[in-house]
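Listed next as C-alpha cells: two forms of one protein chain, kept apart as structure 1 and structure 2.
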Structure 1
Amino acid sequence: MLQPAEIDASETLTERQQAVLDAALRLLVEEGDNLTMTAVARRASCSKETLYKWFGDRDGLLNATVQWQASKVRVAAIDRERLDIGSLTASLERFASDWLKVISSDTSIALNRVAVSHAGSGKDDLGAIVLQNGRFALAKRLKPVLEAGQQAGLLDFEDAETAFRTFFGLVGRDVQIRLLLGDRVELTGATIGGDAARATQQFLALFGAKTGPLAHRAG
C-alpha cells in the first residue's frame, strides 16, 4: 500500500477520456458512491460500452476518476530562498489555508467519502490514492519548509514527521471528520484565514526556536 502512483494521467488519457472522467467526477460529487454506470454514460454522452472498453469495470472507472482528480492538484513546491520568521509564517499560513480550502471543498469531501467506503471492503486502493495525494502529498511539500526553518534557526524539533503531524492536527482539528460525517461546518474564506493564522501561531509557539525573537503571539 501507499506506493506513489507516479503515472501522469494527463499523458495517457485522451481529451475525450478526460472529459468523461470530469463528468464522472461531477456525478460523484452529486450522487456519492451510488452513481451508476448508466448515469455516468448519460452525463458524459457516451455509451456504456465505451466506458467498459476504456476503464475495464466500475472500480476501474472510479480509480481513474480519483487519479484524474489527483493529477489536477499537483502543486509546485516552495523555494526556500531567504527564510526569515515573516516568510516562514506566511508559508505556513498559506499551507494551512490551502489545506483547509481543499478539505472543505465538495469534491474533496466526495472523494474522501468514496475512498473511505471502499477502504472498508478492500477491493481497490482508493484509500491509498487519496491518502497519497492528500495527507502524504501535503507532508512532502511542507517538510522541506519545516527543515529549512530548522536550519535557519527558526524552528526547533527533533523529527520533521512529528512536527508535521502536529501542524496537521492544529490546522485540521475536527474539521475533516465533521465534514465527512455530514456536519455543516461554517468555513467561509474569513474563518479559514483566521484558523490558518491561529494554527500557525500555535505551531510556532510549540516549535519556534527559543533563541531569536518570535515576535507577536496573537492571543
Structure 2
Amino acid sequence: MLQPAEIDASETLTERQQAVLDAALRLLVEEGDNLTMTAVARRASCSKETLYKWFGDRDGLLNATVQWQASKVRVAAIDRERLDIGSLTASLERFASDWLKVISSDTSIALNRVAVSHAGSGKDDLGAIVLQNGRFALAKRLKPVLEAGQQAGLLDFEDAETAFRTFFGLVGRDVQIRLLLGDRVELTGATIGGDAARATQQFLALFGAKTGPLAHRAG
C-alpha cells in the first residue's frame, strides 16, 4: 500500500495564499521582530481584512508562515509492501537534502533567529510555533518511513524518536548553529547532496538490520 509520508502545503493553500506567506517570510528576513499584519498586507498587495480572514490573528499568520516554510522539506511517498534499501535510501536522502536547503536559506536563518529571541520572552511565542511546526512536524513526517523500514527488516531500532533524533543530528551536525551565529557556511547543491548521502549512509551503518535485506546487501 502506498503511504504518503509528507504534508504538501501547496495542496491546502491557494497560489495567492502562498504568495502572501512568501511575502511574510521576506519581511521576516528584512525586519525580523517588526513583522506586522499591516506590513504583510502592504508587501503582498492585499487587505488586512483578507489576512485576518485567511489566517486569523498575527500568531495564526506566523503559524501558517512557519508551516509553509517547513513544507519545503519533503519525504517521498513509500510503498510499505515493496520497500527496499534503494527506495528507503532515496527517501532519507531527499529529506536530508531538502532540510539542509531549507535551514541554509536566508528566510529560515532569519526566522529561527527571531524565534530564538522570542523563546520564553512572553511575546507571541514564535519559538514554540517554530518548534511545533518545524522540528516536531518533521519528526511526524519522517517517523513513518523509519517504522516502515523497520517492518521491512531494513532497520533495527527500539524507539523511532531516538532513531529520528540520530538521523537529524547526522544531517544537521553543527551547520544550523553556525549559520545562526553568522558563519558563512558554503552549502552548494553538490555539497548538500554529498552531505545528505553521507548522513544517510552513516545512519544506515548505525541502524541497519544486522540480518535481513540490508545485511545481505552489505555482505
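By convention here, residues take numbers in order along the sequence of structure 1, the first being 1. The term rigid core refers to the maximal set of C-alpha atoms that superpose within 1.5 Å between the two forms. Bear in mind that the values here come from a model prediction, so they are computed numbers and not experimental data.
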item	value
Form predicted in complex with the DNA, given as structure number	1
Core-superposed C-alpha of D22 shifting 2 Å or more between structures 1 and 2	yes
After fitting the core, L187 CA displacement of 2 Å or more between structures 1 and 2	no
Core superposition result - C-alpha of G60, shift between structures 1 and 2, Å	8.6
